[in-house]
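Only one chain is shown below, in C-alpha cells, and it's the form predicted on its own.
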C-alpha cells in the first residue's frame, strides 16, 4: 500500500504492508529512530508520539490510520538543529532521563500535557505520565523536569 504521512511537518511518501504499525513506519519507513519500541502492546508508553498534538501509542496504530494527520516524533520538537526544546532541556537539567530509553515518550507526553494544562500540579503531572514506564529514575526527576518546563514555558513566548 502507498500512503503519505505528515511527519514533523513534512509529507513522506511510503510504500508499506497494510499491517505496518505507525511505530515501524516511523522507524523503518521514515528512518526516525527516536521513537522507541518497548513492549509493543501499548503498555509502556515508550513509543509515544503526537498525533495532531495528542499523545498516542504508535505501536497500537496502523500507519494507514495516521494518514491525513500530523505526526510529531521526538525529532520534531526541537527548535532547530543541535538545539533542545524547553521540555527537553528541562529533562537534561533535572536529570529526568537516566538510560534515556523512555525519555522520548515522556517528553512527548509532557508536551501534550503542557499544551492542554500550562500550570499542572504535581498530581496532574504524575497522572499524565502514569501510562509511561521508566525503569531507572523512580519518576521523581521526571516530575521535576515537567514542572520546571511548565515554569519556563509560562515565562517564555514559546507555545
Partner chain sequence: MKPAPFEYIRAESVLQAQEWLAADPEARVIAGGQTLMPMLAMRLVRPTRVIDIAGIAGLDEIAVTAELVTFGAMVRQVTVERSAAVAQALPLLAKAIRYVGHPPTRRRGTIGGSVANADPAAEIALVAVTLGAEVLTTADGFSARDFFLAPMTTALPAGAMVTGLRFPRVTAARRGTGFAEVAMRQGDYAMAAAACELVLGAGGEVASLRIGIGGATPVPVLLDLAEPTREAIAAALAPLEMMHDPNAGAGYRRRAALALAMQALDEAQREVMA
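Predicted model only: the values in this text are computed from it and were never measured. Residue numbers count along the first chain shown, from 1.
There is another form of this protein, the form predicted together with the partner chain, and it is not shown here; the text below is about that form.
In the predicted complex, no heavy atom of residue 98 sits within 4.5 Å of the partner chain. In the predicted complex, none of the heavy atoms of residue 144 sits within 4.5 Å of a heavy atom of the partner chain. Not displayed here, the partner chain is approached by residue 43 to within 4.5 Å at the level of heavy atoms in the predicted complex. Although the partner is absent here, residue 67 is a contact residue: one of its heavy atoms lies within 4.5 angstroms of the partner chain in the predicted complex. Out of the listed residues 102, 59, 110, 26, 59 is the one that sits within 4.5 Å of the partner chain in the predicted complex by at least one heavy atom.
For the partner-free chain shown, just 133 of 132 to 149 comes within 4.5 angstroms of the partner chain in the predicted complex, judged by any non-hydrogen atom.
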